[in-house]
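Okay, so here's just one chain, in structure tokens, the form predicted alone.
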Amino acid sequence: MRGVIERYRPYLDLADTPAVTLGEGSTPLISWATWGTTDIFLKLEGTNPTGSFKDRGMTVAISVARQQGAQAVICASTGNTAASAAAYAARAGLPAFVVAPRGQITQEKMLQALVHQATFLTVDGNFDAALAMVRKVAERTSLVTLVNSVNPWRLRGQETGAYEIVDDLGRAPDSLVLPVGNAGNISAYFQGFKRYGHGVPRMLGIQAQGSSPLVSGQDVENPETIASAIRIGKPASKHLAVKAVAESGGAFLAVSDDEILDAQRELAAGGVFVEPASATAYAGIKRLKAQDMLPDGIVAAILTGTGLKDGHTPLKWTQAKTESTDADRLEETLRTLLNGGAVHVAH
């Protein structure tokens, strides 16, 4: 499969840059529900090679870094950026360094980066503190290239999600809903729709209540939310996100952790398993529906990462459905479970 650079090279200004690719992009856009005059579509970014949308930007950022002679790459991360940077750096033959806030990265995401031979440097403080550290280092030396979303090539790569939505729908959706943490992705999609043509949707950025600086208009010193991927109190791309929302006639909205877990559970019941940050986007759609404020037309939600990124959080709402049986009793056991309502049967 062609990666996003080969698929969209003319739009990325990468005429002669050799692609460092793992076949990212071309993620599914599925029809989810029709609620009145609104059609909900979900873009499943968790199907990217490392399980998150980060791969779109990382293929571009690391391709450019390698071409420009970088000796290594570095990032601050609570997980998804680390996993993606490590994988693409390994593909490029470059060392990767990850600065992570101590105790704020899931084991699954750390494991992803470690298997690709990334070096972890843990620090006290939160993501915002870690990002400040790596930005200073990258400014002082040309030996390492910073591949967080403050790298403009990261955002160019992430624009390709907008291109794909237009390719699939034949036009831009009327509204686009995204989880917002460091605020790079909402900015990238906005620019992507502008660059690709066929319309610009209303941009709706959803944050967790305990980590919602763009909703409150003030930085959050100690952000707290179950959605670790967007637990960011000082978004590096705040100015770009505010511009995207203002120019598109959109809005920022905050949802509670309970709403996020409910959304994760509802998506899973329909066959889509995402991590809490992704469920935040769907929680925002549900909140708008409950308030009778859901926009008309086509609403597309970006589900940014697979649920396999965080195996612990779903334990807060899952209920084990296990029964002992044997070959002679299997049919009897199934009938009992079905008749007793212990098993949901779709009709």
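Every value quoted in this text rests on a predicted model; they were computed, and no experiment measured them. In case it trips you up, residue 1 is the first one in the sequence shown, and so on.
Absent from the display: the form predicted in complex with a small molecule. The rest refers to it.
Note on the interface: of 245 to 253, 133 to 141, 190 to 198, 79 to 87, the segment with non-hydrogen atoms within 4.5 angstroms of the small molecule in the predicted complex is 79 to 87.
In the predicted complex, no heavy atom of residue 284 sits within 4.5 Å of the small molecule. Contact between residue 264 and the small molecule in the predicted complex is not found at the 4.5 Å heavy atom cutoff. In the predicted complex, residue 185 approaches the small molecule with a heavy atom inside 4.5 Å.
For residue 147, no non-hydrogen atom is located within 4.5 Å of the small molecule in the predicted complex, even though that partner is not displayed.
Between the options 96, 232, 260, 177, the residue in contact with the small molecule in the predicted complex by a heavy atom within 4.5 angstroms is 232.
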